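A lone chain, given as structure tokens: the form predicted on its own.
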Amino acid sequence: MSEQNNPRRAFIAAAGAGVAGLGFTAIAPGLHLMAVAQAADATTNSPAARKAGEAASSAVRWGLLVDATKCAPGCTKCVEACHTENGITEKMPDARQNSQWIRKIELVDRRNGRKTELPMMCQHCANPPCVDVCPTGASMKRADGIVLVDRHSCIGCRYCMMACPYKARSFVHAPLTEQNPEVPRGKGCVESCTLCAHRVDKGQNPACVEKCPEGAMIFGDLMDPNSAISKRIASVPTTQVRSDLRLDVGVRYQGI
């Protein structure tokens, strides 16, 4: 193996330990991408609408900032909004087999017992391990940083689920009904948070951001220093979960 591939080997080893403990990429068949027409609107904290038929732009990198200090204990509005928006309605007898693109987790500081709740979803890594291990190219990263799965190419091998250190991907076990036509899903496929790419491509915020009653989430362009998300990151301490893996994630947290 050449030296340039050694970092990938080191990452896979580190990611495996993490799970136990707690540019432009090729476009997969069947996935239609939209283009960035202009920079994000920092005043309204809404992404700019795209022009249909154009490729996503590497001039933008979409990201999400979650203020855990505003995340109310027991609140699941972001989860409910995600499920409603993306047509996730199936209920399996074994709840562990239900699809879940976003979930609430609790962190406990062992030094003082302080508990913090926060939403955990696909972190939209700049260097996504799910893309590295996918044998068909179904796991992919758009030029604007959003990580997706093309259901037409996914063979359900679940390598990406094993590679993800955030346990952010689900396998679809059940037949699907009541789907959102803008969010095609498929039984036997792997899926995860898309940052509501279908909404972002129309100039809207992700559903979880829009429905959070506490305003705990900010969505925007991480590459635009004048965007609301960039200004917040520049002004307060924020955290990348498992920053030791050097994945350069697109989801940041404040207050953890």
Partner chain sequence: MRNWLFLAVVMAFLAQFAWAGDQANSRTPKPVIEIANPGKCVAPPEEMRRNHMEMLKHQRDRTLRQGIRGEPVTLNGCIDCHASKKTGSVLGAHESGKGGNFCESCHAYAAVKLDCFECHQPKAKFKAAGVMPGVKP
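Positions refer to the first chain, counted from 1. Since we're looking at a predicted model, the values are computed, not measured.
Below, we refer to the form predicted in complex with its partner chain, which is not included among the displayed structures.
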| query | finding |
| --- | --- |
| Proximity to its partner chain in the predicted bound form (heavy atom, within 4.5 Å), stretch among 190-198, 227-235, 62-70, 212-220 | 190-198 |
| Answer option from V133, A126, L176, M161, heavy atom within 4.5 Å of its partner chain in the predicted bound form | L176 |
| Touches its partner chain in the predicted bound form: I88 (any heavy atom, 4.5 Å) | yes |
| Its partner chain contact at L148 in the predicted bound form, heavy atom, 4.5 Å | yes |
| Distance check, S99 to its partner chain in the predicted bound form, heavy atom within 4.5 Å | yes |
| Contact flag, A48 vs its partner chain in the predicted bound form, heavy atom cut 4.5 Å | no |
| Sequence-ordered residues of 181-207 touching its partner chain in the predicted bound form, heavy atom within 4.5 Å | P181, E182, P184, R185, G186, A197, H198, D201 |
